[in-house]
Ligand SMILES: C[C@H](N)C(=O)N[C@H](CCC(=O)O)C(=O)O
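Encoded as structure tokens, the following chain is the form predicted alone, with no partner shown.
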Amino acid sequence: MKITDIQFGMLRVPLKTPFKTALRTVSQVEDIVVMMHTDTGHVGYGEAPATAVITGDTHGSIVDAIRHYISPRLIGQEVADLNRLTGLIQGSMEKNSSAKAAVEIALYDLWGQLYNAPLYQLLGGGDPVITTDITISVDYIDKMVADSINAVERGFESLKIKVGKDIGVDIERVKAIYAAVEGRALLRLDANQGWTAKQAVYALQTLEDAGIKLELVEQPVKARDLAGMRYVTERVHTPVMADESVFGPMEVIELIRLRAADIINIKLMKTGGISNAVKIADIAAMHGVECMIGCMLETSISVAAAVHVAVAKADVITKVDLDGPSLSQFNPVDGGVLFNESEISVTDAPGLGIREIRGLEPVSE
């Protein structure tokens, strides 16, 4: 099975409600879809969102990186040479992690199709059913409480609460949501780099002193402030998770060496795809550090790839934040992973199992 062409499409899916964090507000998913064609007629699918405030990638840069730097290295190559091809992708250029991720996802999809097996089985197997949390966007307190109650009533047992806009209001947000769902759902806070180290310690200690038990707090300080991450980690009981601070394996090693966080959030759009995600999980497992697997605003194409990784690495990926499809008004994908609110199930279809993607728009040259 040889790669013969890589094509692009734009996929737009409205969200059920605007996605608001300390960094941005988004009303719809707008992702670049990659279609990797082969001489056998098989097609592998990948996907990447433009998340400039986190990865630096834009729609234009994703397409340009793949078209001019990554694709020429892959055309004519055998899909079976997976490790060599992922090396070609990762070595094609610096950064551009989302572009690399989209291509890697499509390649791994084909790899599974080549051997007629679901991807998670080729990655090591596992229980093909996992459970995700759902994100509660930062908003007025009453709106966040209502959204939290609605999520619990839909069956979600873990809520990721977006904070980081105003420290005083953030504390009141969490108190109100905790009071509304206590005993029915676990709370995960995500500050998206919105606090200083001292603010984070103040907020978390205030919440802890009020008897509020949090499952974790995600990226409380700026991504590059590893000293600040360690400052928070050393002073609160709530587990601290690194997200934007960690893109690849080398950053994970440094974070663990500094003991700057308790948990690592793996996202394919940060790692540049599946190959580095697996490496991060293995490094974390060796050091006894738990991982979460998360997503940006992605549809069930690239989220499906993350699901397969989560299933295969469930020994170390103990938490799942793959709610992109649950936040969307509809699923544009036929086949693939099955999303039913908090429950995500993998079928036995080869690769990612995607049959068709509806609503793809052409991408101009």
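Quick note: we count residues from 1 along the sequence shown, nothing fancier. Fair warning: this is a prediction, and the values are worked out from it, not measured in the lab.
There is also a form predicted in complex with the ligand; it is not shown, and the following applies to it.
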Inset, instruction - Just superimpose the C-alphas near the binding site, carry the ligand over as positioned in the model of the complex, and say whether the shown chain is open or blocked by the 2.4 Å backbone or C-beta rule (3+ atoms for blocked). - result: open
Inset, instruction - Give a yes or no on whether each residue among 86, 119 and 275 has a heavy atom within 4.5 Å of the ligand in the model of the complex. - result: no
Inset, instruction - Counting only non-hydrogen atoms, choose the one of 169-177, 263-271, 220-228, 197-205 that falls within 4.5 Å of the ligand in the model of the complex. - result: 263-271
Inset, instruction - Considering only heavy atoms, tell me if residue 24 and the ligand come within 4.5 Å of each other in the model of the complex. - result: yes
Legend entry - Contact label in the model of the complex: residue 190 to the ligand, heavy atom within 4.5 Å: yes
Inset, instruction - Answer with yes or no whether residue 57 is in contact with the ligand in the model of the complex, where contact means some heavy atom within 4.5 Å. - result: no
Legend entry - the ligand contact in the model of the complex: residue 295, any heavy atom under 4.5 Å: yes
Inset, instruction - Find the only residue in 135, 71, 92, 96 having a heavy atom within 4.5 Å of the ligand in the model of the complex. - result: 135
Legend entry - Sequence-ordered list of residues in 137-171 near the ligand in the model of the complex, where near means a heavy atom within 4.5 Å: 160, 162
